[in-house]
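Form predicted alone, single chain, as structure tokens, below.
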């Protein structure tokens, strides 16, 4: 009798689970990453092949008031052992009510509006072996309470585990020269203080203005790189992670064909207190020549008050770009631009394009070219790393 009741309860639970909304999606793909020039070091290669897979499992219940999402990610790289890696991009339980939402687990949280860089986006660590655009992020363990009111949404974060930034290995490109020694990373604080961070953000929409104000305190996601001489007598760079305070502001104003954008942040703890800004605009021509094509013109100015002492390559730069959205059933789009350093005259040319084929296939293309870098530039090690990338993915 008890066995029957036990089996019946399992069957009933399974039926409830089945009836509720369960979604499974994701993609698998292959990537070809090719470099136009010979590498600076003989351990590096001119072509890299890799495979990637990302799956998403989503389940909701309690009339949609509770949900669970799981997003694992894996990449295998032909040559670069550090680029072969697994990550949990998301493993989150959500409990929602009318005026609040609570999330627990691994999440990716994005803040920012600019095209060239996201100064205020600090919750997640950058997965820099994935792409040089720094937009790929590791999942961050956290507790997040969102308070939703007519006057805006306040997000409170307790970040419960620190993750080091990823860097390419000895065979990888793009990577710094000298190599970054991950195993020797240093921290200003250790133990609980290293792993705990706190953040708060208020966001609100006022007519056509989207506004966000944030503050973060904890271990910096962007390490300083300290040169040392290893025991073998070679020069290496050691990541050093400081405790920082960072206050950020992001806003976007929409006026007919215009988009006005601003990201600014003030950071203390990483050397002297400094200010960094990215400000720009985008103007879109819709249905050009009576077609379905939209053409957007983008320009931004990037500033860092540290000047030549900045850990970023964008201390006094101008971005000019063009965006083409074909608005076809294949979702074809192209983004091309040039980032110009006003001080050193260094230039970065970038092209990104994507197109769907059929209902499930998508081809992505990227090309980046570095020009006129000088020995005293922070990006001088990239002078041989002009590259093109193709990724073909199957989505389901």
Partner chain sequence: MQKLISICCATLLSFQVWAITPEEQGLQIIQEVDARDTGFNDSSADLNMLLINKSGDSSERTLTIKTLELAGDGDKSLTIFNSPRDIKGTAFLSFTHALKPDDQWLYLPALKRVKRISSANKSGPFLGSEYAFEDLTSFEVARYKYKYLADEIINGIDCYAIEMHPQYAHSGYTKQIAWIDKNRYIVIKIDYYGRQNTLLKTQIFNQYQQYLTKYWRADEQIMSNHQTGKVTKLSWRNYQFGVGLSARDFDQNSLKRAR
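Residue numbers count along the first chain shown, from 1. The structure displayed is predicted, hence computed values, not measured ones.
Although not depicted, the form predicted together with the partner chain is the subject of the following passage.
If we take heavy atoms and a 4.5 Å cut-off, which stretch out of 33 to 41, 63 to 71, 338 to 346, 367 to 375 is in contact with the partner chain in the predicted complex? Single hit among the candidates: 63 to 71.
With a cut-off of 4.5 Å between heavy atoms, is residue 209 one of the residues that contacts the partner chain in the predicted complex? Close contact exists here: in the predicted complex, residue 209 approaches the partner chain to within 4.5 Å, heavy atoms only.
Is the gap between residue 198 and the partner chain in the predicted complex 4.5 Å or less for some heavy atom pair? The answer is no: residue 198 has no heavy atom within 4.5 Å of the partner chain.
Can you work out whether residue 58 and the partner chain are in contact in the predicted complex, taking contact to mean some heavy atom pair no more than 4.5 Å apart? Residue-level check for residue 58: yes, a contact with the partner chain.
I'd like to know whether residue 101 contacts the partner chain in the predicted complex, with contact meaning heavy atoms within 4.5 angstroms. So residue 101 counts as contacting the partner chain.
Using a 4.5 Å heavy atom cut-off, which residue among 262, 185, 96, 243 comes into contact with the partner chain in the predicted complex? If I apply the 4.5 Å criterion carefully, the residue I get is 96.
The single option of 327, 350, 50, 46 touching the partner chain in the predicted complex, heavy atom within 4.5 Å: Checked against the cut-off, the match is 327.
Give a yes or no on whether every one of 86, 267 and 312 sits within 4.5 angstroms of the partner chain in the predicted complex by heavy atom. The answer is no: none of the three residues contacts the partner (heavy atom, 4.5 Å cut-off).
With the partner chain taken in the predicted complex, which residues across 144 to 164 come within 4.5 angstroms through any non-hydrogen atom? Heavy-atom contacts within 4.5 Å come from 148, 153.
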